[in-house]
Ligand code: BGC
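In the form predicted on its own, a lone chain appears below as structure tokens.
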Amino acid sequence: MNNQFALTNSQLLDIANDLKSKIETGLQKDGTEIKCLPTYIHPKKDGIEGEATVFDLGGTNFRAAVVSVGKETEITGLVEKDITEMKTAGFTEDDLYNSQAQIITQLNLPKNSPIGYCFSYPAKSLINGDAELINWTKGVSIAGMAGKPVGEPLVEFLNKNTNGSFNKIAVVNDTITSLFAGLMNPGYDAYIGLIVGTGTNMATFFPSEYIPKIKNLEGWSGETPVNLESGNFNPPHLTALDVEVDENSDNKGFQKFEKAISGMYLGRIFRAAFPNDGLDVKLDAAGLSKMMNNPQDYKLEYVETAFQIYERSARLVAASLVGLVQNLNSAYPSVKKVQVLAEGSLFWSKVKAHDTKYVDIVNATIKELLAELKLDATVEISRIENANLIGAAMSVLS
């Protein structure tokens, strides 16, 4: 069966090299395709101790917990809530805070707790540890919040409307929390945080002097955590079906890489491949997994196409990681061992079709591409349960 989603290693290297060059541009100036947003927090590599209240606002749910970090890391009182109501028309900033407050009041909160807030939307880090929303993604569009701080108004609302007493807040992207959590695995030359779930993104550390756009920033030096916002990458070698999915999306022209690989969009690519089959408009990555895991219940052509889209997603992720490893190799020529802390249900999925794990496709492709580049580096991919919560606590306790 013809595979219109097949990519050769040569095409994947084009993609890797294109991303590498766009990351370099993003480190030089603002407003570029790959935003390269600095985060003004130095996570302690060791010796972090304390207790924090942690919030995690994702694409579909909101979680809160109390996290103790020290010799042992402990998460207590984890509560969560489906928050897809955020995507409904007319949902307001106050509605969001009320929704979050309902969850927070279920926790046994420490007195004067600092808050680590994992916020999974594009935001510009502020020097005080807060962040300013750039724009909503993932189908959310709450009016009046873009361009304003995310953390401070939430703290004010909570202190007024709950029995908690909160002081300091650190707002960090989910990819940054994965990056920070990865530091719990010592012994690597470089670290990458990676998300491949509803959406996709990467983050890493660069030396501040490697980031021209922040060189005149007073009071900041050393390594800088950088949230790439790599979901907005517009790579070469996408298909006419990807163009169609983008044309029919609510953010046309943006997040093209995310639209080619993430869980929110894989079903849309599949539907575009079978435009006359009357497929369910709600078909998503979970629906494709169902086909691949129950091949006997579906047309062979459906199962194979679902697998081709899944496989391409993993190979594109591998190419993006190799692009970033090349940037790290330029910033730190001694880089040999790179740790990737990966989060997301799609990334850690496995399917019966071809008896495949997503991570195995990523690993195999990375090895092939690094060999072709003759780059002497190894990439190890790992996971930590509740990485977002642990990384968010580390951000506010550092």
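If you're wondering where the values come from, they're calculated on a predicted model, not measured in any experiment. We number the residues from 1 along the sequence you see.
Not pictured, yet referred to below: the form predicted together with the named molecule.
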Completion exercise
From I261, A319, A306, I195: within 4.5 Å of the named molecule in the predicted complex by heavy atoms is I195
Exercise for the section: Quick one: from P235, G267, G151, G199, grab the residue that has a heavy atom within 4.5 Å of the named molecule in the predicted complex. Expected result: G199
Completion exercise
TL;DR on 212-220, 287-295, 69-77, 137-145: the one with heavy atoms within 4.5 Å of the named molecule in the predicted complex is 137-145
Exercise for the section: Would you check, heavy atoms only and a 4.5 Å threshold, whether S120 touches the named molecule in the predicted complex? Expected result: yes
Handout entry: is_contact(T177, the named molecule) in the predicted complex, heavy atom dist at most 4.5 Å
Key = no
Handout entry: Exercise: T224 in contact with the named molecule in the predicted complex, heavy atom 4.5 Å
Key = no
Handout entry: the named molecule contact in the predicted complex: E229, any heavy atom under 4.5 Å
Key = yes
Exercise for the section: Heavy atoms within 4.5 Å of the named molecule in the predicted complex is the criterion; list the residues of 234-250 that meet it. Expected result: none
